[in-house]
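The same protein chain appears twice below, in two forms, each given on its own as structure tokens and labelled structure 1 and structure 2.
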Structure 1
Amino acid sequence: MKRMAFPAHQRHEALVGYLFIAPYLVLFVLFVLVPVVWGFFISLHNWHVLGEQKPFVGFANYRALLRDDLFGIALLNTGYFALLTVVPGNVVSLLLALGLNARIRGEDVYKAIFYLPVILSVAVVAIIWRWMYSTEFGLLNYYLKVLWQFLHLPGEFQPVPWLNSPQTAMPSLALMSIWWGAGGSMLIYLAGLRAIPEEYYEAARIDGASTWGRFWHITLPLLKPSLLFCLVMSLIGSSQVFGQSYILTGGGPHYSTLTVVLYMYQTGFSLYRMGYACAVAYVMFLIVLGFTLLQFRLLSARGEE
């Protein structure tokens, strides 16, 4: 078969393009692709950091995970955290975007205020919310006490042990995470809303469509790409939750905030069982990949309807 010959200027443009992406490709291979492949290789070994011998054990680490109660707890806690943050967090972001899309006065100021938490590091956010959740001088308990007294509720107000109770610790981390990340998704939703042609809404108003009807039949379907992106990114982010539980609770109380990534960190860097920790990472990767594909499938099916 005769090979197609490209003009010289096209070959030159292609070469320039490859040169531009070359730095990214080098960094991607060195810091993403190689560690990913190397991590799978380690997961097939009994890889103790301090041990001289690192015998090959095949999928023994993966089979051991099936009998590991702590891994099961971490998996359930991570799913619980995702349940508390993915959909509620995106609802908050979408509501903020809808409010800003109304072209209110001082829109840029509100954008900056809502987006400000996104640029903070997890350590700073954790310090702020540890103060907010304090049972002695925290703002949340203070306002709850004021509300208690305003409503003249019976008895004496008891401070809520936000981070010290197994029942409230994970919801507290979820609330902090929603506050922390709502601004990022808000901007994406706002960009999606601004891309919807105004003519669609005018035609719907002429036909007598209500506000809810315009949102359900125009805004939501046309916002599907933004919705899909934010949901997938939120799910991936929730599955990687680490800093919040590591700094604020250390996985407690009673393992109620032990997440998969925190368990992986403790296994790898406290017990030095790198092979087992890599197996945890790969199982979590497969679970998140499955849920991500399910999200694509469900939202694509809705679009075809």
Structure 2
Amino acid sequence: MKRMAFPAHQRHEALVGYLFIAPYLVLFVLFVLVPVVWGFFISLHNWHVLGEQKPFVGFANYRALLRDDLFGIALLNTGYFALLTVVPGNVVSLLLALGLNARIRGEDVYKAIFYLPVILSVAVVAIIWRWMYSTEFGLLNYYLKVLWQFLHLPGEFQPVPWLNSPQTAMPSLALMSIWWGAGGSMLIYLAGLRAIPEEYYEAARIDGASTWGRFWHITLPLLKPSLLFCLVMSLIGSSQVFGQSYILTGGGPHYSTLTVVLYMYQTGFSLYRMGYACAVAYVMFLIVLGFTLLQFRLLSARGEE
């Protein structure tokens, strides 16, 4: 094997480069790479935090996972959450971006207002929305009641048990999450919209294309990179949903908001079964990896067009 000999100044440059990435590299190795490998090691053991013995069990934790119907429920719930948030959330973001792109007065103010929720942590968001969703004292039910009476609808208004019924709990979490995250994608869409040359629209207008036609044939195709990016990123984000159900519903009522990451958390940090929790984490990791690969494929497919 013959080593490439770099001239001195190039070696120096390489060294500077390594120095620049060194802090990140150290942190990455220490807090990501090592734990990732160590986590896999733990997942092969019956690893109770307090156990003196932590016996090696091979892939038993993974096999147990296949038979664990709660894990199945958690997977389905996570998928349901993704279904409720990914497309509707992106539609909302896109609509907001289209509205802002119309170059209205006070655009920056609106931008700030729509983006504001994004900077909040999930804990803050959840605590705010807990008040909104409260069945008896909540703002949402209050306004619904006002609306009900205003429209003279028949009968007495029945408050919606937003977080307390298995039917409404997950949609409520989804609604909150859309409000929380819409601003982020909105900015990306807005940037994408602004990058579309005005001439295309002018040409279309001359050809007599309708508003809808312009949107469908110009805006949407040219927005594809942003669309793909936002869709796949929100899919990955949704698949890791945790804080919402952890804080607002604890996975209930009757497992209706139990998600995969919440299940992992409960197994690891409430029951101290770290081996099993790591197995859940690894399966989760594989699923997210799948989506990430999908993202790469979809994005590069566009490049080949």
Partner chain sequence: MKGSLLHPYKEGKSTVAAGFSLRTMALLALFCVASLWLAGCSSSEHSSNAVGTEIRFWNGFTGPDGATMERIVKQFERETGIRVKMQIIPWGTYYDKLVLSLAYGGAPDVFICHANRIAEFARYGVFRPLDDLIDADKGFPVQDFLPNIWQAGRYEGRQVGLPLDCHPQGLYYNRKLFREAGIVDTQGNPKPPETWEEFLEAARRLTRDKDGDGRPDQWGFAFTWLRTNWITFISQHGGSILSPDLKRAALAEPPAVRATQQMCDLIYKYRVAPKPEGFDSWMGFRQGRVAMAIEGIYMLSSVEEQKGLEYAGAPVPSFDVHRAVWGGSHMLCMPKDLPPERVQLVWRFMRYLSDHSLDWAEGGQIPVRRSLLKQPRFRQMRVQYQFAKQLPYVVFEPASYKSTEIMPFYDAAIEAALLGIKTPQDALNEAARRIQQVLDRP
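Take the two forms, superpose them, and find the largest set of C-alpha atoms that agree within 1.5 Å; that set is the rigid core. Reference numbering: structure 1, starting with residue 1. Because the structure is predicted, anything quoted here is derived from the model rather than measured.
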*asked:* Of the two forms I pasted, which one is the form predicted together with its partner chain: 1 or 2?
replied: 2
*Quote the shift of the Cα of Leu293 between structure 1 and structure 2 to one decimal place in Å, the two forms being superposed on the rigid core.*
3.8
*Can you give the C-alpha shift of Glu13 between structure 1 and structure 2 in Å, rounded to one decimal, after superposing the rigid core?*
4.2
